[in-house]
Structures are given as structure tokens and as C-alpha cells.
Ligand SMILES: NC(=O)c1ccc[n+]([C@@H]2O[C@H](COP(=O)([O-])OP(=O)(O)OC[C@H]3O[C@@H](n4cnc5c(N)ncnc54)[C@H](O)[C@@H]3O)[C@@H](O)[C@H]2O)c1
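In C-alpha cells, the next block holds one chain alone, the form predicted on its own.
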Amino acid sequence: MDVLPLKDKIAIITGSASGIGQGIAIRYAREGAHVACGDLNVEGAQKTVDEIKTIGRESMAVRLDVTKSADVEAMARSVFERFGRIDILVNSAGVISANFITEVSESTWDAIIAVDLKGTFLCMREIAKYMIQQKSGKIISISSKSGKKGGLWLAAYCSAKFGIVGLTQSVALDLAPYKVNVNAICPGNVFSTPMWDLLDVEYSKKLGVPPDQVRKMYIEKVPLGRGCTVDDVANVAVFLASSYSDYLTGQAINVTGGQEVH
């Protein structure tokens, strides 16, 4: 591969204050991209920006609520005004909660669907306008292994992540004539993220085991014998953002150590 496969590309990463979004933002900078970091936690996004600048790339932090179309439109406009184009969008903003179906409150359902699925839709819809004009672009959304197979206590989360896969397939067809590639990544359990800090506590109570045993139980289900890392996800995200994936669209790629293979 090229030494810098994303050299001078302009990328927008949502959910970039922490976790997978932050990891992809920093990795993209190392691969040559200039990165706009969108997050509701603008202070966290600014820390990501500060690290990107030490790599020698341009970066900006944008306060972004992905559930609000006005925020998404303002973000896209500010990035375009600064850089003159938008080459890559990574939808990584997400929330989760684990609840037995009869205990899923309407507010929990609405929040997860709003951030994980509606937010992905709003960002795709707005950024696509710029990519259509350019007749080029890469859109990458973070789904999950829970977007391929239902998970215990994850009715809302799985619904949103399955939705991202369907959304990806549909929008890939819409945008193919404009040479815009639309794909998703379905990671396994990325234990280093704040999301899993929450799940450790929730699963510990539900399973009746100490928090440190929760991760052991989930690792035992993985054929390759370890959890997924942010780097594992970022490796695929770089490929999907580069010219090496130009003939790939509408796909939802598993990064699960063999746990999901369809």
C-alpha cells in the first residue's frame, strides 16, 4: 500500500472524542488525512484535534449532536468552508444500553435509535450532497457484530445496528452513479471503549459475575481468542477510505475474530 494512502484527504469523523471514533481520527491523520472531529463532547473532540496537530495534519473540533439536522448541516458547511471539499465521512457516534425487553424504556429506545441510526442517516444525507457535486467520496459507518446477529438484552442497540447495515446497502445504490462508496464496519467487542466500561457494570449485575469476568466470558466466544481493538477497526477504516476499496460498496465487513462470518 501507499506510504500515505489518505494523503491530503479531508475526513469528518463523528463520535471522535473517544473510543473507535477517536482512534480512527488519529489513524487517518497518520495516514495523511486532515480531520474534522465532531462530537457532542467538544472538549474531548478538541483533545483529539490537539493530538492530530502533533502529527502535522490540519484538524478542527465541531460541537455536533448527530440527532439534529441543523447541527449536521452546520458541521458540513464549516468543514467545506475551511477545506473546500469533503472526501470521507465516518459515522462513529453511538450509545448503548443492555436491558431485558420488558425493561427497555421508551426513552432508552428513542435515544439509541436517534443517535445510532438517525444520526448516521442525517450525516449520510447531508455529506452526500457535497460528495455528489464532487463525484467522489467514501462513507463508512460503524455498525457492530450486533448488526449481523441479535444479542441478549440488546433489542434497541441491535435494531439500530441492523438498520445501519440496511441503510448502507440502500445508500450505496443511490450514490454509486456518483462514484461515492458506502460501506459499514461491524466490529466485535472493543473492550477499550467507554461503551464497554458501561457494559461491564450492566452485564456483571445481570450475569452475577464480577466485572473482570464479563470480558473473559465474551473473549471465550471468539475463535481468534482475543477481543477486537480500535486498531483492528481502524485498519479496515483506512482501507475503506482509500483508493484500494474503489470497487467495494454496500458491504458490512465483520471485524470479529471469526465470531461472525456472514
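Everything numeric in this text was worked out from a predicted model, so none of it was measured. Sequential numbering from 1, following the sequence displayed.
A second form of this protein, the form predicted together with the ligand, is not displayed here; the remarks below concern that form.
Visitor: Determine whether any heavy atom of I113 comes within 4.5 Å of a heavy atom of the ligand in the predicted bound form, and answer yes or no.
Guide: Although the ligand is absent here, I113 would stay clear of it in the predicted bound form, with no heavy atoms inside 4.5 Å.
Visitor: Is the gap between D65 and the ligand in the predicted bound form 4.5 Å or less for some heavy atom pair?
Guide: Yes.
Visitor: Decide whether Y218 counts as a contact residue for the ligand in the predicted bound form under a heavy atom distance cut-off of 4.5 Å.
Guide: No, Y218 is distant from the partner.
Visitor: Is there a heavy atom of S59 lying 4.5 Å or less from a heavy atom of the ligand in the predicted bound form?
Guide: Outside the cut-off, so no.
Visitor: Spot the stretch among 126-134, 97-105, 153-161, 80-88 with residues whose non-hydrogen atoms come within 4.5 Å of the ligand in the predicted bound form.
Guide: Result for this chain: 153-161.
Visitor: To verify the annotation, which of these, T229, Q213, N235, N41, has a non-hydrogen atom within 4.5 Å of the ligand in the predicted bound form?
Guide: Here the answer is residue option N41.
Visitor: In sequence order, which positions of 139-163 have a non-hydrogen atom within 4.5 Å of the ligand in the predicted bound form?
Guide: The stretch 139-163, when checked against the ligand in the predicted bound form, contributes I142, S143, S144, Y157, K161 at the 4.5 Å heavy-atom cut-off.
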